[in-house]
Structures are given as C-alpha cells and as structure tokens.
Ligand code: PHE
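Have a look below at one chain only, the form predicted on its own, in structure tokens format.
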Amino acid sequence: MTGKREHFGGRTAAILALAGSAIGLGNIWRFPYMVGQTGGAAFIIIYLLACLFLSVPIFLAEAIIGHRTHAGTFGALEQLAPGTKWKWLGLLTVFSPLIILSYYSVVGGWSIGYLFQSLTEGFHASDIGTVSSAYAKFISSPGRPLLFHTVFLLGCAVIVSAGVKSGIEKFNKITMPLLFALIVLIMTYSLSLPGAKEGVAYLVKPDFSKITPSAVAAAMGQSFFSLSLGVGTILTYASYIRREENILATGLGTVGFDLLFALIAGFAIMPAVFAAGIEPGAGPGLIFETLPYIFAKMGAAVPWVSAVVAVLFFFTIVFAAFTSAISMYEVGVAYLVEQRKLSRHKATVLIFVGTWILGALCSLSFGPLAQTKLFGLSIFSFCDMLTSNFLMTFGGLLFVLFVGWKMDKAVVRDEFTVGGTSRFNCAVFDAFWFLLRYVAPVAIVVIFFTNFFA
C-alpha cells in the first residue's frame, strides 16, 4: 500500500495543502471579532502563544501518526496499535469531518450564491435591515441554497477525484497564492476608507484588562479550531508527506500561514465595518449581512468600485471554503480507498451522496424543516454543536494521549527529529514531549468546558 501511495511534491506543496485545510471561513468571520472584543493586540499575543505551545504540539501529534504510517486515520491507528480499540478513534475521525463537510458545504453554497449575485445584480439596500431580510429569505428558501450546496459539493468532488497531486496539490498551489493576493487587495482598499482608523484601533490597541481566564481559553480554542485539529484532516494530509520531510518545519509553516491570513482578513474587514458605522459582530452574518450592506453603501458613491470589491471578496470566501472542504472530503475518500478497496472515483461518489443528503437536511432546516429539532436544536445547529463541542475536542484529546502515552517515545522522537538528522528538532524534542504529555491534554479539557458551557 505504501509503495503505491501518492505523495505531495515537497514541503511547499504540503504546507499549502495543510494551510488550505486550516484557512477557512472561521478566519474571516470569527477571528477579527474575537481580537477586538478580547483585548486587541493583547489577545493576538495570547493567541500566538497558544498556537506555539498548544496547537503546534497537537498538530504534530496528528501529523506524526499519519507520517509514520502513510495511512489514513483508521489504518494508521490499526498499524500503530494492532489488536487494540484505538482503531475506533480512526473511525471516529472518518465520520467527524464528513459531518462538518455536510453543513460546511451549505455555507460554501451560500458563498457561491452571493458571488453569483455580486457578478450579476450587485447589492442594493437603504439600510442593513433590508440586507438581513434578504439573507434570511435566501437561506430559508428550499431551492437556491440546495442548488448552490450541490454545486459546491460537486466542485469538491471534482478536485478530490483527480487525486492528491493532480487534484488537491494542484488546486492549493493555484488558489492559496491567489487567496492571499485577493485578501491583500481587499485590505488595501479597506484601509483607504474614511473612518478606517477606528477599525485598525479595534484590532491593534492592546487592552490587557480584557485578558481574563475566559479570554485565554477563547484564544486557546480559536487556535485549536482554526487549525482543524482533532478530525483527522492533518493526519490524512501528513500521510501524503514524503518520509524525509521535516514535519516540525511543515507544522510551523502551516500555523504561520494560518495566523497571517487571519490577521490580514481582520485588517480587510474591520476597517470597512467601522467606516460604514456598523457595530462589529461575528458569525455568518458578518459575511452575508454586514458586508453586503457595506458594498451597497459604497456603491451609492462609486458603483464600479463597490462591484469590484464585492466580487473579489466573495471569490475569496469561495476559495477559502473550498480549500478547507476538500481536506475534510479527502479523509473519507482515503478511508474507502485504503480500507474498503474502492476506486478513488467510486469513493468520491459515495462520499458525495452521503454528505449531500445530510447537507440537504441542514440546508432545509432553515426553511421547510425549521420545526424539526434534535435535542432542541435545528439539524444544522445540532451538527455544528456535535462536531465543535464534542467530536473535535474529543478527537484532539485522544490523538495527544495516543502519541504522548501509547506510542513508544523512541518512535515519536524518530519522527519528530527526522531520524535524528535535524539538530534543531533534537534540541526542542524534550519541550515538545512535555507539552504533548502534560499541557495539551489539560488545555483541550479546558477548551471543551469553555466551548460547551459558553
């Protein structure tokens, strides 16, 4: 199996793919809001420390499993712990990303719908309430959201079915540089708007009085969820990294790209929000309500500028959604190809059917199925709650426990230090080992309780 397995072309290709998995809609709608509400530059410092001392060790725990075995989530755990129940962690992390993909593709479909509108009709509204009403009407209608959900998922299927090098790697090599170029262009324009300096101050002004225990836990949680930890995407992509590659360098590169994009996105969005005189908020409403209103308001003065910025913005949203979604799609495909011996084409079709059905139910939960509740939640909200509050944190905890307490330390050291050839990796291994065994498990438990009871 190992000899026939595809690999990424090199470190750059691996980092772009892993960064694509990490960089998604959450970087755009959640991170800027959290920075401003939780201490500005002070929060960024805490977030950076959380990335280095928490998320990087967890990231590497997943990567070590995949890189050591060159197998997907189920097969990797079965190889490293044969005859034990650890393989069921692998199966859990096959289903987790597919549940996320199901409802994530609904939001990805909304992004395509708004891109289409920005290319055709543009955005026209006298007040933000009109835009909010249009958004509510759009997501509650059964037809168009289902159509765009289908288009988005089909796009993911086409990319994944082409394979690791010809599909995933090639797509990320094209879209990731383009994604950064687009967000930088939007940032440049946003910073030029009258009143933008208030948005900049919102992001960079340090307020250490807001750095409370809950703010620290929020920074830890954001670093964890932003990197898509605990659901097997990192493990699966790491299994396509060549044996001689330095996974610490790859991990640091991925975290660096993710942080850089989040910061640029903040400076692309918040200055425009403040320039329009709108109270900043988080969540999908920022993308589909607040920003379309800003585009409409800009269009009243200079219509062509508004149209161009809107198109660029929603292209950015669509690309960011795709790069994350294909990593989740690949986890299920890898399982079916390796464990069930299906062809990549058949595996892609099967994953498409399953995620389309669940995604359709999530989409309809805003309209015809709005009264259908699971534990008091809509189908969409239940899937979100299940994965964010339980499956991701539970998976992350089990990964660090497996690598830190089940795997042989010599094997972990061999992977971490590239067979002892990297002096820097050898020098920092003991620190990594301590963080993995004692700090990461406690931090994940804190994230779980903070996220669950918030």
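C-alpha atoms forming the largest set that superposes within 1.5 Å between two forms make up the rigid core. Numbers follow the displayed sequence, beginning with 1. Predicted, not measured: the structure shown is a model, and the values here were computed from it.
Just so you know, the form predicted in complex with this ligand exists too; it's not on screen, but the next bit is about it.
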Is there any non-hydrogen atom of residue 327 lying within 4.5 Å of this ligand in the predicted bound form? yes
With a 4.5 Å heavy atom cut-off, would you call residue 392 a contact of this ligand in the predicted bound form? yes
Quick one: is residue 100 in contact with this ligand in the predicted bound form, heavy atoms, 4.5 Å cut-off? yes
Just checking whether residue 227 would be counted as a contact of this ligand in the predicted bound form - the rule being heavy atoms within 4.5 angstroms. yes
Between the options 27, 38, 417, 69, which residue brings a heavy atom to within 4.5 Å of this ligand in the predicted bound form? 27
From 444, 14, 22, 436: within 4.5 Å of this ligand in the predicted bound form by heavy atoms is 22
156 to 164, 142 to 150, 277 to 285, 230 to 238: which one contacts this ligand in the predicted bound form at 4.5 Å, heavy atom to heavy atom? 230 to 238
Residues in 102 to 136 that come within 4.5 Å of this ligand in the predicted bound form by at least one heavy atom, in order, are 104
Is the shift of residue 402 between the shown form and the other one large enough to count as movement, that is, does its C-alpha move by 2 Å or more after the core is superposed? no
With the core lined up, does the C-alpha of residue 66 move 2 Å or more between the shown form and the other one? no
Core aligned, does the CA of residue 429 move at least 2 Å between the shown form and the other one? no
